[in-house]
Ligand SMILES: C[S@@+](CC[C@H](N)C(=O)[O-])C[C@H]1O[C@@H](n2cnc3c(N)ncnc32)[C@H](O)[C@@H]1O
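As structure tokens, one chain now follows by itself in the form predicted alone.
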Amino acid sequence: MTRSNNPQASQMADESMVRGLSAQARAIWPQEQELLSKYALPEAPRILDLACGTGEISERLGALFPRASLLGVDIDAAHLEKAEARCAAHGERMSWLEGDIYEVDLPSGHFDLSVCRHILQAVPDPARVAQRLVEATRPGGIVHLVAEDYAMMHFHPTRGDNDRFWLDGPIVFANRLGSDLRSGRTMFTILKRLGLEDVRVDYVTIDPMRVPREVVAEIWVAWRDGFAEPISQETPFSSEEVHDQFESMIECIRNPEGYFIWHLPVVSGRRSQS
């Protein structure tokens, strides 16, 4: 999701975010790697993992492209330490750079594949992030975005109007912090306006037929733990109401008769050769 302006709440959200991203990697990667494998990349591609966090996907990219060199960038030094330790088996093929996503010094026109996942909904200017990725990508290279949209998730059965909860709860909460939990739907237009070619939107489908229920439940438990209280402080929902909505979704996920679906946009494009 996105972080609160309260330092204590931000720390709790960060700890929950790390747990949630671990579960999201396990939920998403089996479908996402099929998309990555279809890109026409060199045998030894140069990969940028912008906002790499603790290296969950950096590690997987290193295994998927065993001759690749990868640069992981993140603003959090503690996350980068974990990423370096996680990816130690890949040796010198991987390097790490601490820096702000908007300001970090990236080589221009260098990378064959520039990846950014799970951050665009949490920052105030996702178009600027996309522009930085395009600038760092070589002509003919690929920009690959996992762009979350929290209005593309649905559950049955739940207590109350779950769709309305997302619109009036977490999405309002994020808006007040300057970010947009529906940014996923904007990225096609953004990449087109940045001049990319072959722009397309694929979807990772997170539902009980494709992802184990308990893996998905781990994501929602992490979100509940990190964000329920901040949401209640910034929206008309009480703490009890927010917790109840999250519990209702978690119960649906774990219910053998319950159905949930999250369409997760994966937006990609190729930088023009001209």
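Treat the numbers as computed from the prediction; the structure is a model and nothing was measured. Residue positions are given as counts along the sequence shown, with the first one as 1.
The next section is about a form of this same protein that is not shown, the form predicted in complex with the named molecule.
With the partner left out here, if you bring back the named molecule in the predicted bound form, are Cys52, Glu56 and Ile119 all within 4.5 Å of it by some heavy atom?
-> So, yes: the whole triplet contacts the named molecule.
Based on heavy atom distances of at most 4.5 Å to the named molecule in the predicted bound form, which listed stretch, 72-80, 87-95, 168-176, 200-208, is the contact stretch?
-> In the other structure, the partner sits against 72-80.
Of these, Gly140, Gly99, Gly160, Gly109, which has a heavy atom no more than 4.5 Å from the named molecule in the predicted bound form?
-> It is Gly99.
Examine Leu21 and determine whether its closest non-hydrogen atom to the named molecule in the predicted bound form is within 4.5 angstroms.
-> Yes, Leu21 lies within 4.5 Å of the named molecule in the predicted bound form.
Determine whether any heavy atom of Met17 comes within 4.5 Å of a heavy atom of the named molecule in the predicted bound form, and answer yes or no.
-> Result yes; Met17 sits at the interface with the named molecule in the predicted bound form.
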